[in-house]
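Consider the single chain below, provided in C-alpha cells and representing the form predicted on its own.
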C-alpha cells in the first residue's frame, strides 16, 4: 500500500459543518476532499493500493486521524461533497485511541502527526516529505512501492511538523520548482510512481 498523509490545520474535528460550505464552515475541508479524490480515483475505477490519512487539527476537539482505504472503500463518488459526507459521518463517531470504522473503508481515531509518523517508522516504511527544494522525484531510482508521502494544506507545514516528519524521513522530494496545490501534487506523484513501476516491468 502507498500512503498519503495530509495535514489539515484548520479542518474541523466535529461533524457540525455544512456540506454546502466545506471551505468556510469546515475549515478548508474542501482541500482534504480534493486530496482524497486525487489519491483514489482513476478514470474508470479506483486505486485499491492507497491509504489516505487526514490529520485534522482544527476546533473543537483536536487532533484526530481519518483513514480512507482504497482497498475497502465504498460509497465514494468523485466530488467534494461525497468525500465531505464520509468525513462528516466519521466525525459523528466517538474517536478513541483505536480505529473505529464509520463506513466501509473509512476509520477514525484520536492521534496526530507524531503518532502516525512513529507507526510508519516502526513498520520500516520509507517516508518522503514534499517540498519545492527537495530532490527531484525523477532522480530517485529506488522509490518504494509502499512509500509514504507527507503534504500540508493551504497553510503548508510548520517547522515543528517538519521536525517530526524529518525524524523518520527517507528524504525530501520535489515534483517541480513551483508551489502547487496538495491535490495536484498527489496526482503528479502517482503519475511518477505509475511510470516508475511500469519501467521496472519493461
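Positions refer to the first chain, counted from 1. No experiment lies behind these values; they were computed from the predicted model shown.
This protein has a second form, the form predicted together with another copy of the chain, left out of what is shown; the following refers to that one.
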Problem set entry | Segment assignment from 142-150, 64-72, 50-58, 168-176: heavy atom within 4.5 Å of another copy of the chain in the model of the complex | 168-176
For this session: Give a yes/no on whether residue 16 approaches another copy of the chain to within 4.5 Å in the model of the complex, heavy atoms considered.
Result: no
For this session: Determine whether any heavy atom of residue 132 comes within 4.5 Å of a heavy atom of another copy of the chain in the model of the complex, and answer yes or no.
Result: yes
Exercise. At the 4.5 Å heavy atom threshold, is residue 136 in contact with another copy of the chain in the model of the complex?
Worked result: yes
Problem set entry | Exercise: residue 101 in contact with another copy of the chain in the model of the complex, heavy atom 4.5 Å | no
For this session: Select from 31-50 the residues with a non-hydrogen atom within 4.5 Å of another copy of the chain in the model of the complex and write them out in sequence order.
Result: 34, 37, 38, 41, 42, 43, 44, 47
